[in-house]
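The data below hold one chain only, encoded as structure tokens and taken in the form predicted on its own.
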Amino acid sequence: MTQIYRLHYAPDNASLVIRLALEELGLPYETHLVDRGTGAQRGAAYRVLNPQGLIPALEMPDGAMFETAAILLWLADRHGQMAPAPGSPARADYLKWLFFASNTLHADLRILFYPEKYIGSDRAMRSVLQSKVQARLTIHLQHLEDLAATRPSWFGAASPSGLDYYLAAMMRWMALYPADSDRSWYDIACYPHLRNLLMRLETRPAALAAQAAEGLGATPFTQPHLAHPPEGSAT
């Protein structure tokens, strides 16, 4: 590699979170498109980097990493930004909410977006499952809204954390996907503290760079539209 990091990405996928973090940290990196249109994420070459065939993977001199939360935490610790430092009194709180975002919120989004992977092709059963997941997601968001109202130093602050950008991307996806389903359950106005967080993030240089690179539009978090990337596809 000619640069420190290489991000294997697809537009408007979970790799967006890592792109935002790399930009926020001001780190040099290059990108490599994982073409979902041809199923490249399931190919042997990509599975060397991420055996689960999921996006993203981040290559670095020490090897390749996968899992969004793990990459965020590694970058924060390596570069001393975007998370409370090890030993900080705020570290435990940050970690529990970062992994809540990864293991609970993001996991439920995957069920919402890909119900057939969990319950098969029966449309009625898929609809029931999605309704249950939507109800859970509103609870998750309320927890995060309550957290944002307490104004911890590592969530919604002047200097964004990895959790900020992770949540921003997921709230974007809630407003957009699945494209053929009812999304009336999601109303950003119900979460004013989170909305303010998203408004601040989408004007930052990191977000502006991601907008241009992945065709996200001017308000990618608060009033998102489907991506129109210069290469690849979001689906």
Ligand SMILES: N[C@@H](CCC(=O)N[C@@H](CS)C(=O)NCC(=O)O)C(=O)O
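Quick note: we count residues from 1 along the sequence shown, nothing fancier. What you see is a predicted model, and the numbers here were worked out from it, not measured in a lab.
Unshown form predicted together with this ligand; subsequent notes refer to it.
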| item | value |
| --- | --- |
| Contact check for Arg42, Gly53 and Arg110 against this ligand in the predicted bound form, heavy atom at 4.5 Å | yes |
| Interface segment, criterion being heavy atoms within 4.5 Å of this ligand in the predicted bound form, picked from 85 to 93, 150 to 158, 113 to 121, 130 to 138 | 113 to 121 |
| In the predicted bound form, His106 touching this ligand (heavy atom, 4.5 Å) | yes |
| Any non-hydrogen atom of Glu67 within 4.5 angstroms of this ligand in the predicted bound form | yes |
| Partner proximity in the predicted bound form: Arg204 to this ligand, non-hydrogen atom cutoff 4.5 Å | no |
| Exercise: Leu20 in contact with this ligand in the predicted bound form, heavy atom 4.5 Å | no |
| Sequence-ordered list of residues in 157 to 175 near this ligand in the predicted bound form, where near means a heavy atom within 4.5 Å | Tyr166 |
